[in-house]
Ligand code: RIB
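Listed next as structure tokens is one chain, alone, in the form predicted alone.
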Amino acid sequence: MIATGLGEGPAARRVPPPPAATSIVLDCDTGIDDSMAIALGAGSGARFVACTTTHGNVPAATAGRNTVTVLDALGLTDVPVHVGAHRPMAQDLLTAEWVHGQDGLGDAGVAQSSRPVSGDLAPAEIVRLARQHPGELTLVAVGPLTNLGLALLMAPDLPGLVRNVVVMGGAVNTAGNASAVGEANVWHDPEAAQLVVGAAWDLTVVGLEITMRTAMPTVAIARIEASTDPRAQLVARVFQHYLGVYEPIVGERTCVLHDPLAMALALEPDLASYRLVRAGIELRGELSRGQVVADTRGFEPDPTDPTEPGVVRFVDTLDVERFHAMFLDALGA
């Protein structure tokens, strides 16, 4: 077990595991680690109800094309994909092809699927699905939160319609990766992130303070590359570029499993323990815009209601070895 620095003791608590077949709506900006998250879900029993795409790693339309391509390569040809927000709410569009390759899939020559996307109004689709399946859906968001923010603006009743929300985003008490204090998914649309954090739903935030501890051992990389399973072969192709990006950062040929960790915790929350804290997104600071500001001082009792607006569930400790084993098992490696 590892600690994140957010504190332990009575405030650290585990949540009960979800049903065996968790119904997932995945909101993503499909680059390399998004594709790895989809593969983890596909190999771990997730029921993908739909995927929605946003700007972030790549433009939203490219993310839509990549999401269809990855789903189809994994045999999930019946999962609809809806493209959504093409830019943030209140700032210019920025993307990260230098991390994910010009095509978003590591420039590995992955053949694009010919299946068209199902629609181009992702926020409306999120609302429609939540109303069609009240209390059943887990929203997993692994890109900028523009689609979720717009869905909340469209449907104030949305928080009461979904089972829970798991977001990969933020950096609490650690350095950011898009600015000194800002993590990319939050930093790319802080206004949307504040809408999501301020909503009255059960929200788990999986930030850099925990994801940066998930770099795979080199032996795990070798197992994926040597596997004959089509899932592992797909991941092995697309993450070569990613390994090159992370090697000078981590110091060895590996990569960090940001988005796969969010998917894993949506499916098996007992991989971790958690702490409820009050949090918000800095919107006006010249140097701190996009920072997740969480009150971890311990001056007052931690909140007890995960659906209280502005209360989020942070990962406190994580069984990294078990998470890595889950990822490898999902890929057939």
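Quick caveat: nothing in here was measured; it's all calculated off a predicted structure. Numbering starts at 1 and runs along the sequence shown.
Below, we turn to the form predicted together with ligand RIB, even though it does not appear here.
* Asked: When you measure heavy atoms, are Val142, Asn177 and Leu208 every one within 4.5 angstroms of ligand RIB in the predicted bound form?
  -> Yes: each residue has a heavy atom within 4.5 Å of the partner.
* When ligand RIB is placed as it is in the predicted bound form, which of 153 to 161, 81 to 89, 251 to 259, 189 to 197 ends up with heavy atoms within 4.5 Å of it? -> The contacting stretch here is 251 to 259.
* **ligand RIB contact in the predicted bound form: Thr146, any heavy atom under 4.5 Å** => It does not: once ligand RIB is placed as it appears in the predicted bound form, Thr146 has no heavy atom within 4.5 Å of it.
* To do: Please run the contact check for Asn57 against ligand RIB in the predicted bound form: heavy atoms, 4.5 angstroms, yes or no?
  => Yes - in the predicted bound form, heavy atoms of Asn57 and ligand RIB come within 4.5 Å of each other.
* Exercise: Met168 in contact with ligand RIB in the predicted bound form, heavy atom 4.5 Å -> Although ligand RIB is absent here, Met168 would touch it in the predicted bound form, with heavy atoms inside 4.5 Å.
* Do Thr138 and ligand RIB share at least one heavy atom pair within 4.5 Å in the predicted bound form? -> Thr138 lies outside the contact set for ligand RIB.
* To do: Using heavy atoms only and a 4.5 Å cut-off, determine which of Ala184, Ala232, Val117, Val172 is in contact with ligand RIB in the predicted bound form.
  => Partner contact (heavy atom, 4.5 Å) among the options: Ala184.
* If we check ligand RIB in the predicted bound form, which of the residues in 96 to 113 reach within 4.5 angstroms of it by a non-hydrogen atom? -> Only a single residue, His100, comes within 4.5 Å of the partner.
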